[in-house]
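Let's start with one chain on its own, the form predicted alone, as structure tokens.
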């Protein structure tokens, strides 16, 4: 006969490290009080519970209205590394919601988070950079990072940070440089990014090339890319095994070769043969950027002379499955066949 037995073991779905959540509308106000508790364990448990709750944007909205962000900003400097870790985790999850991003801007969370740039705990820095990367995905978030004067610090961190965090920084810079590239240029970003183009990590090579694409939009960026002799390195990446690396390298060349000196640097680096190979690459982004880069090179007499022998290759892309590629091919043919 079976007998009921009381077990001292907690059910598997109960986490003893989490605070007990109050019922209904009292849940978040109670957690907000516990975040301010002098007891370390109480703060830790409240943060553990909050990590789950902020996945719901309605809870994020209510938390912001209750003043959670000010308390979380204070906890970023807590002496306990677990508190800092869970605080940064809560914040990057909040940043994934529109209402959270708005709260970041309104309550000055970005400069508060930046206080952890030199935190000794890796995961705290990683969480902070995840929040920045999410913020930089949208223009208002990127503006917030730029306005907080963080671009120089982020660029310099590429020299010392862990590879995983470098990837996040490069993503953040990619979003921010669309807003403002001059601070990065003044910090020596181009020479640092040039080193990253030969990094063993495919992700870092790809993301570094994408940042160079953005930083070479202004004329000053194009000039520094030429001056730092980055163009030959970009040409070498056109034969990389990863399509994203090839696409971003071709895109960066497209921008860098708008200037006359950029065109001749690319021609000297023998950029045309590898770019021609990419015209029928299986990845549409690679095809598009390669065609645009070749269009830039065809504006130089030497480039046009070479490319006149390959017009049929571009004609083959007029019916490409990608409308952008077919349009770029049409423009390329027009430029290559132009006669004064």
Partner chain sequence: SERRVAGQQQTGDCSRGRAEPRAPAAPAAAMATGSMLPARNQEAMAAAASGTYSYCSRPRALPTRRRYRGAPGHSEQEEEPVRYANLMYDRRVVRGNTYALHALPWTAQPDPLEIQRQREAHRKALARKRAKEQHQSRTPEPVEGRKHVDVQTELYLEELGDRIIEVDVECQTDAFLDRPPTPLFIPAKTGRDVATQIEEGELFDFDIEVKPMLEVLIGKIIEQALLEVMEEEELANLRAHQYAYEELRNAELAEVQRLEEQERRHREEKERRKNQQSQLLQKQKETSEKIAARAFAQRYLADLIPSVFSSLRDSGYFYDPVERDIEKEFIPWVMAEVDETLEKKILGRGVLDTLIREVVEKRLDAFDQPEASGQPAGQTEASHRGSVQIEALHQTETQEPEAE
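Numbering follows the first chain given and starts at 1. What you see is a predicted model; the values in this text were computed from it and never measured.
There is another form of the same protein, the form predicted in complex with the partner chain; it is not shown, and what comes next is about it.
Across the options 62 to 70, 279 to 287, 34 to 42, 308 to 316, residues that bring heavy atoms within 4.5 Å of the partner chain in the predicted complex belong to 279 to 287.
Proximity to the partner chain in the predicted complex, defined as a heavy atom within 4.5 Å, singles out one entry of 244, 78, 240, 167, which is 244. Interface residue among 126, 157, 222, 196 relative to the partner chain in the predicted complex, by the heavy atom within 4.5 Å criterion: 222. Though the partner is left out of this view, residue 296 does reach within 4.5 Å of the partner chain in the predicted complex, counting heavy atoms only. Taking the partner from elsewhere, residue 89 is found to have every heavy atom lying beyond 4.5 Å of the partner chain in the predicted complex. Using a 4.5 Å cutoff between non-hydrogen atoms, residue 217 counts as a contact of the partner chain in the predicted complex. The partner chain in the predicted complex comes within 4.5 Å of a heavy atom belonging to residue 93. Each of 97, 178 and 210 is positioned with at least one heavy atom within 4.5 Å of the partner chain in the predicted complex. Of all the residues from 55 to 89, those having a non-hydrogen atom no more than 4.5 Å from the partner chain in the predicted complex are 55, 56, 57.
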